[in-house]
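Take a look at this single chain in structure tokens; it is the form predicted alone.
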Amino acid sequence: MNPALIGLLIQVNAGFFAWLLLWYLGSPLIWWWPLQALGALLLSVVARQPRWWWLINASFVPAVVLALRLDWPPWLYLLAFVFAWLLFGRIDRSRVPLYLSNRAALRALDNLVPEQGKVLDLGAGTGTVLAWLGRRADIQVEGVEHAWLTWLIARLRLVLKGSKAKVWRGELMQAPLADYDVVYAFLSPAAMPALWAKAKREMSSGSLLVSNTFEVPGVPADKVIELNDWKGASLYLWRMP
């Protein structure tokens, strides 16, 4: 089930049970939102959602309460929306938020790219992977990012570092994959089935698809590299036949 839908169900159920408990105890409703936040956190854990969803579910209602009390002017919310659109792009369409690869993932990925290889970062974000791999003189590094502000940050970052890596702005699922030895992706569970279908159509025999954290449903990885980071994440590898 979609994690966002699970989150919505958690918010509704936590709110209902918090109200029901306060009504039963005869307690003032001022305690409703802290109790709802605690309930949302516990339900997130029980539902085995990823840890970042624990924080999202626990902070959602307190953030709404805080916003109402601050009584900010409406244009601030519009400004926040525009900033989020520039930073994250059309998440409603791509269903791919901004995830940043950590040092453990970068080191593991570096070891997977062969000498004279060509690698594509599908969803380059702020250019972390490109900047890291771009230090190698023996490989060709490219990336694609769909969000305008994130793409601009990545491009400026590579220019300031004098990196030979390249990044262009475009739709992730429209980027050609045929010419790459390694395709790296840190997307989302929702995007993995389409990515797998695209990889099977376009990637050449012997090339490697690497996914950070997210598996392809129903397709066991040929190899799994445990990153041993605080998220308990892994790299999932599929060798194209």
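All residue numbers are counted from 1 along the displayed sequence. Owing to the predicted nature of the structure, the values given are computational and were not obtained by experimental measurement.
Although it is not shown, the form predicted in complex with a small molecule is what the next lines describe.
Taken together, 15, 31 and 57 are entirely out of contact with the small molecule in the predicted bound form: none brings a heavy atom within 4.5 Å.
Only one segment in the set 63-71, 179-187, 23-31, 43-51 has residues whose heavy atoms sit within 4.5 Å of the small molecule in the predicted bound form; it is 179-187. Contact between residue 147 and the small molecule in the predicted bound form is found at the 4.5 Å heavy atom cutoff. In the predicted bound form, residue 112 stays away from the small molecule, with no heavy atom inside 4.5 Å.
Although the partner is absent here, residue 172 lies within 4.5 Å of the small molecule in the predicted bound form, judged by heavy atoms. None of the heavy atoms of residue 167 is located within 4.5 Å of the small molecule in the predicted bound form.
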